[in-house]
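Okay, so we've got a single protein chain in two different forms coming up as structure tokens, structure 1 first and structure 2 after it.
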Structure 1
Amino acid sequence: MTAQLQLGFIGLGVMGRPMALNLMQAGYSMAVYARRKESLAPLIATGARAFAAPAALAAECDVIFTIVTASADSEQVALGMQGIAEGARAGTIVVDMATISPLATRRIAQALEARGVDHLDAPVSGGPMGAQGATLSIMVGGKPRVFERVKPLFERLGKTILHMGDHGAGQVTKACNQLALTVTLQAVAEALLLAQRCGVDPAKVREVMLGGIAASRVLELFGKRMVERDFENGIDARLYHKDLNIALDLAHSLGIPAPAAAATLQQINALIGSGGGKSDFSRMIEVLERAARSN
């Protein structure tokens, strides 16, 4: 794939905006669509062309990236009224980088392929910092030949890029990632609260843990925010609620026990119920602190 390709990007939030900018900085021409008009401004200022609907954008593009919030949003953007399917030419590639249900992914892929449009599911891990620095982990499901065509574009967005299998395999991989992430964050919050209540500096406890076998990216990033009480930056906790529900739905459908994930989901419910749904996920420690005060 060359820089002469016309790319499209739909969904210009905290992840999509820097990803689209990284592709533009690599020399690719970009068409953009977002429900919130203010999200378009940084891309337009850099030379992107804005479109009024996904269908109009799709008619002009060779490869279209989407990264919206939930399964229903991905289906609407791809298959709904004025969606990608209404405008895309045969041979166009749609790359869905949102975290959604594998079942929804397969429905979208089948519907698009019936029109001659290829599809990849390619959710990412790495958060806003990874999106800005083009260091994301990208887990991809879909046909190997399509993956190979898009791989040079993925290399402008991330460092770890793996083809995981057929349609939906990328989403299954992301569900596994989010299960491990959320349960680990719960454990980090419990550990730092325990240190605090025992009169030991949580910052020092975190520093020691980072040098041992308990070290993790979750402890490094989210643990730092817990220690510094910085809950306003990052990805909204409500999105992890969505992601963990996807993982639990998969586990339930297969009859697989996931007790730690189920308990963590209830803690996320408590965080959202207390008004923390739009704060960084590290605010989970406050749920534990409130429970500790009531004992």
Structure 2
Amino acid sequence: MTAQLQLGFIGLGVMGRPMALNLMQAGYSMAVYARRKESLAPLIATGARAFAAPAALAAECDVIFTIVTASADSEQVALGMQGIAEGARAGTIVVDMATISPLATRRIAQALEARGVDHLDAPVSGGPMGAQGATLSIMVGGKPRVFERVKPLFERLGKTILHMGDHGAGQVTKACNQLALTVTLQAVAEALLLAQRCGVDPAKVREVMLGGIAASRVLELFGKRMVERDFENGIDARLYHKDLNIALDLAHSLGIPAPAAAATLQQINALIGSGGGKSDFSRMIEVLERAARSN
């Protein structure tokens, strides 16, 4: 692919905006659409052309990236009224970088392919920092031929780019990752609370644990915030709620047990129910603390 390609970007939030800018910096011409008009300004200022609907944008693009919040949003943007499918030419590639259900992904891919439009699912990890620095991990599902065509663009967005399998395989990988991550956080919260209530310094216990087999990146990052009770900066708990729901829906649809993930989802529900959805995910330890106090 060359810089002559016309790219489109739909969804210009904390992830989409820096990603679109990174592609523009590489010389690509960019068409943009966002539901919230105020998101468009920084892109237009940099030379992007704004469109009134995904269909109109799609009619002029070779590759269209989407990164909107949830499964329903991705389906709406791709297949809904004035959606991509209504405008896209045959041969266009749609790359969905949001974290959504693998089942929804397969539905979208199938519907688009019936119209001659190719589709990749390409959820990312690395957060806003990774998006800004183009150091994201990108987990891709879809046809190898399509993956190879988009790869040079992915390389402008991330550092680790992996083709995981057919449609949905990227989303499955992300779901597994988020399941392991959330349950590991619950493990860390339970361990650090136990230490504290037994009168042993959780900061010191964390240090010991980091030196052995119980070490994890979650203990490093979120465990530190738990110990320091720094719940206001970081990654919103509600995002993990969405992602773990995706993983458990998938597990249930296939009859796969996931008991620790199910217990963890209950805890995230409690955190969000008590108003902690926009706090950092490390605040999960407070759910345990509240249950402990009421005993």
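Here the structure is a predicted model, which means the values were calculated and not measured. For numbering, take structure 1's sequence and count from 1. Rigid core here is just the name for the largest C-alpha set that superposes within 1.5 Å across the two forms.
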{"query": "Form predicted together with another copy of the chain - structure 1 or 2", "finding": "2"}
{"query": "Hinge rotation, rigid parts compared between structure 1 and structure 2 (°, from C-alpha fits)", "finding": "13"}
{"query": "Per-residue CA shift, residue 184 (Å; core superposed between structure 1 and structure 2)", "finding": "2.7"}
{"query": "Core-fitted comparison between structure 1 and structure 2 - CA shift at residue 228, Å", "finding": "5.7"}
